[in-house]
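First structure 1, then structure 2: two forms of the same chain, each alone, as structure tokens.
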Structure 1
């Protein structure tokens, strides 16, 4: 493979909100070239025209297998960026690995068991794969700040707020944040009373080491997360707000470049920064 050739990239979910931004970002990246756009809408139309940046001579298709086969034939290692629906994401990742096309997965909803199976599959193939719950550099900084704060607080809850078209709850980013805190060797929120939920779910979901996680879905929201620490006499809050999906694109382009250097599955963008 030649290091001088641009990285061939396929975008799955190309006409979705994240997919459209990704198409634009790849089209403007000098070290990348778009070779495929997969979606269930606008079949046969030029994806550049669809997203409003002019013709790219890449027609939209709904045939993942054909696109992966094409990616496997490229002179440079190719990448598929997936922002599709959680349904079927496990099978799509396995197919990409089988074809030798490096997956960068922005779709959330994979279970721990599925991630384990994909990790084993990628390891056997010595294939790089990145699963990224959130491509925002700002969110990664929030998570790192939460880890630092957790040394000094025993009580923490996580609140995530998203638009009402998000299919899964809680968000993959919030689950990832809770998992990162749970790996620090302590259990949070020691009980002070015997709690009773008068309505199931009123106290949110329990994730990892007794961390409460709450989800809100409303039109008008985009993507927001708050990690709230509490101690007698004080509250320490960390919050990240997204106002434009363009903020994710530096992370997406970074993931595309870094996945080519990997030989296994990595979960979380912070591990390749």
Structure 2
């Protein structure tokens, strides 16, 4: 049966940090086969050699059109995974859909208006497309568990800890967690005393429905988020620690499998988990 043939996958941005991990992950996935590797560097070289896992017989190219055309001719529905950069991302997604190659987009930079246009375009074509700001299944599980807990807990604070090369605080993912909890229709942390900060900032930032976020920055840290729920006599805490981009690969592979089953554009891996 044709369903058992491996999924043909093209990786754009194949020599970037996420792209390299993706090449390795696809090479190890028995239900997938790499059919193309797009990058601006190492053109003509074998992508397997480039990422250090031995020859894959796939030379790097920088011609997306040719690759999409090839993807369109595969016996199986094919997928293009994009880990490039914001410039031209709208056009690349649109091209892929036009060719009938399902896009899995890890690249940021699409505006809301562009996402709307692409949604309409994918709908008309009955084509699956996944835009994924966060491929970490662990983080999505944490966020879903936090949403479940929010039904029963009135008090929550979020702590995130990152290396001191990170300029922004709080981390985008921690803000996202706070926003997800804030959309549940309640205000957290009803006060029990009049608080007083003797040193400004001690109580952290307030995001969404009165959720406090605290950002620690130190060399030696990697990327950590902890959501702490409290109630009289108990603390329930959810923590996610990331030490390597390898942690995103289960999410990338899942996205590749799921996008084939979709008939429209979906934003967020949590929608297909």
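Residue numbers count along the first chain shown, from 1. Definition used throughout: the rigid core is the maximal C-alpha set that superposes within 1.5 Å between two forms. All of these numbers come straight from a predicted model, not from anything done at the bench.
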Note to self: form predicted in complex with a further copy of the same chain is structure 2
Hinge between rigid parts between structure 1 and structure 2, from 52, 30, 243, 198, is 243
Through what angle, in whole degrees, does the smaller rigid part rotate relative to the larger one between structure 1 and structure 2? 34
Look at the Cα of residue 226 between structure 1 and structure 2 with the rigid core superposed and state its shift in Å. 7.5
Determine, in Å, the CA shift of residue 155 between structure 1 and structure 2 after the rigid core is used for superposition. 11.0
